[in-house]
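Take a look at this one chain, the form predicted alone, written out in structure tokens.
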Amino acid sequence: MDLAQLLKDLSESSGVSGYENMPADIITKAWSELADEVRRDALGNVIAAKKGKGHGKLLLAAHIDEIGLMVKKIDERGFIRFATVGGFDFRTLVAQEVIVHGKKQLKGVIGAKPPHLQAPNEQKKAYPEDEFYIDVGLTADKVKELVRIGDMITIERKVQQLAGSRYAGKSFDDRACVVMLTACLSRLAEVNHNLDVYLVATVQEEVGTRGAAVAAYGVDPDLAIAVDVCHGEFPGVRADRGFSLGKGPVISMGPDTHPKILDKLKEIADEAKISYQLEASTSAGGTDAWSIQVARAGIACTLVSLPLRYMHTSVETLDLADIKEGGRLLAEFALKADRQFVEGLPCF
């Protein structure tokens, strides 16, 4: 499996929370080549099953939706006003290229008042949200013919390979971790592993981890690992908040981490000489782990993260080596965790 190409294909596809069909189609095709079964549930989660020796049922989850925009109003001159879907920082939206998903796809740009026309007091401030608009180059009548209130808008950005195995692009949060699950599945296709593994590309994470809640209830696993991004190190990030790119996945320690799964992951990583980092997380964060661990009667769960710079921008940056190491860690866990380990999870 060409992981770099899959990362590019998923990143450049459009799939705002609740409208994930395009990336879902891509990952369904990729997983169908490796898994025993691939299906979609009622909410749109893509679920792949890879049967092992039946020592327990492991759920691996990473979300496939992206933050985006929604048409809020079309003014009398044809400019499109919009609202955000998910956590955008408006300061990053100036001069972005976008795709408006109307009756047909329209290319547009996000415009704002240039510095030449700003008052002196405006030049030192961020643009107010109500001054942002999208220009698609059409008359108001034509825009209203093709675009409706509520239509989705996505950032248009091609993936760029930087030096070595570093890549930059949009929606790596969290499609890069779906690629990590694919790396895991590629390895499991070659071995006879202990746990039955259910990989889920979850939907609607950015608006409340909804897909994970549904998938965890439907799969009903014995244990689970959610995979999401954490902050990579870069200037301006505190040392205890940022993690190194190229030094492996990050294993979380905190309220959404089952201590026995944590210990087993570290043990397996050390035995297999897999590089990893540790994160002290003092509260349950807004990842799929949050919903999975409280599904049904409670599911033993932990969180593995991928270091990512510039989160929730269109130039999120990562190291492909971390994706590969993370996939290897997940595969080794499914290979080596056994029935005795699974049955011992309720015994703290």
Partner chain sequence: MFLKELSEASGISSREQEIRDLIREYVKPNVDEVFTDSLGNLYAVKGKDKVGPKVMLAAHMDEVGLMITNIEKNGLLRFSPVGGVDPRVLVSKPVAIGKNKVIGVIGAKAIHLQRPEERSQVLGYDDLYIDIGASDDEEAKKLVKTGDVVVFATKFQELGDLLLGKAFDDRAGCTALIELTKCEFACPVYFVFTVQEEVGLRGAGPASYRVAPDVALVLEGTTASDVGETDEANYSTTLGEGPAVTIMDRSVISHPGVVSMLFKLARENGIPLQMKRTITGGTDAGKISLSRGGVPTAVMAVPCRYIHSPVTVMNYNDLQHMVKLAEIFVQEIAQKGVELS
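Everything quoted here is computed from the prediction, not taken from an experiment. Residue numbers count along the first chain shown, from 1.
We do not show the form predicted together with the partner chain, though everything after this point is about it.
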Segment assignment from 48 to 56, 295 to 303, 308 to 316, 27 to 35: heavy atom within 4.5 Å of the partner chain in the predicted bound form: 295 to 303
Non-hydrogen atom within 4.5 Å of the partner chain in the predicted bound form for each of Val94, Gly111 and Gly169: no
Partner proximity in the predicted bound form: Leu345 to the partner chain, non-hydrogen atom cutoff 4.5 Å: yes
4.5 angstroms heavy atom contact with the partner chain in the predicted bound form for Arg241: yes
Met253: touches the partner chain in the predicted bound form, heavy atom cutoff 4.5 angstroms: yes
Partner contact for Asn194 in the predicted bound form: the partner chain, 4.5 angstroms, heavy atom: no
The single option of Arg157, Lys264, Arg187, His258 touching the partner chain in the predicted bound form, heavy atom within 4.5 Å: His258
